[in-house]
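Single chain ahead, written as structure tokens, the form predicted on its own.
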């Protein structure tokens, strides 16, 4: 079985907001100004792939990412967890593509490495939370798509049974391979820890790099296919917060003083 796992590198959601600096020229988070990590739902997808590799002999995992050179860190983490191959499609523009553009790039890269039995994506990226790339990618590849998968219950021959999250409970879906699944978080798919030895070995392993031109994609064409009404601008808001302590000898006096301040500000 061959599995492709799509991984996106994003600013660490657990980092302090003050760590995020917006470059006014590109309208994007400034490079090397904040900690980076794998998008959380993509980590869940990677864990499901690793579980299948543990259970199904001969399973191969290809970790795929579309991003700047720094995204190589994301792929090396996948290699440290014993993914078999890593492929980086180098992002050549500083502008933000919409989900459709990203799906086109990923689909072209997957065709380049060979269509697998299973494609796994996080249900949504941890930065923009749009949740559309997985479904658009399935459409680009002409594959059926199973959404909100928490677990692969069984993999038998050319069929898989997925446990999926629905409102108020769970359902089990059987699908023929090849298929694409978008993965949600669950206690059964928390990403495992890599061994120190494997982390060291991952830095010696090859990460294949593809360019958009090698995939037959025009970077300018990606920008032209932006969804109408998409993201227009990203900026850091200017803080105008002022803190003032209310004086008073007793709670009642402080309350009256606070009420006076609110009336002065015409808030009450």
Partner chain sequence: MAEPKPVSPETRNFLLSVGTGTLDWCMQCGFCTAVCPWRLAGGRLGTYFNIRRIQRLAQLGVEGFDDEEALFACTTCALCEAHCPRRVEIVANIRALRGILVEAGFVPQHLDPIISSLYANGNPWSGPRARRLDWARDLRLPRFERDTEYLLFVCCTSCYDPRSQRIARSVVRLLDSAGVSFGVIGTEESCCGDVADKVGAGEAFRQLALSNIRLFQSKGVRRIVTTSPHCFVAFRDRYPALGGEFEVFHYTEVLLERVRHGALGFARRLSERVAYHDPCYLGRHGGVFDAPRELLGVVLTAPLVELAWVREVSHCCGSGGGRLWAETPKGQRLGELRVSDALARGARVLTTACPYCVMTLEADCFGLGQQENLQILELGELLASCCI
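Note that the coordinates shown come from a computational prediction; the quantities given were computed from them, not determined experimentally. Residue numbers count along the first chain shown, from 1.
The form predicted together with the partner chain is left out here; the points below concern that form.
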Legend entry - Single option in 152, 102, 110, 81 placed near the partner chain in the predicted bound form, where near means a heavy atom within 4.5 Å: 81
Legend entry - Any non-hydrogen atom of residue 115 within 4.5 angstroms of the partner chain in the predicted bound form: no
Legend entry - residue 91: touches the partner chain in the predicted bound form, heavy atom cutoff 4.5 angstroms: no
Inset, instruction - Consider residue 210 of the chain shown here, and say whether it contacts the partner chain in the predicted bound form, taking contact as heavy atoms within 4.5 Å. - result: no
Inset, instruction - Mark residue 206 yes when one of its heavy atoms lies within 4.5 Å of a heavy atom of the partner chain in the predicted bound form, and no otherwise. - result: no
Inset, instruction - Tell me whether 2, 215 and 216, taken together, all sit within 4.5 Å of the partner chain in the predicted bound form, counting heavy atoms only. - result: no
Legend entry - Sequence-ordered list of residues in 4-18 near the partner chain in the predicted bound form, where near means a heavy atom within 4.5 Å: 12, 14, 15, 16, 17
Inset, instruction - Work out the direction of the Cα-Cα change for residue 19 and residue 66 in the predicted bound form: closer or farther than in this form? It's 3 angstroms or more. - result: farther
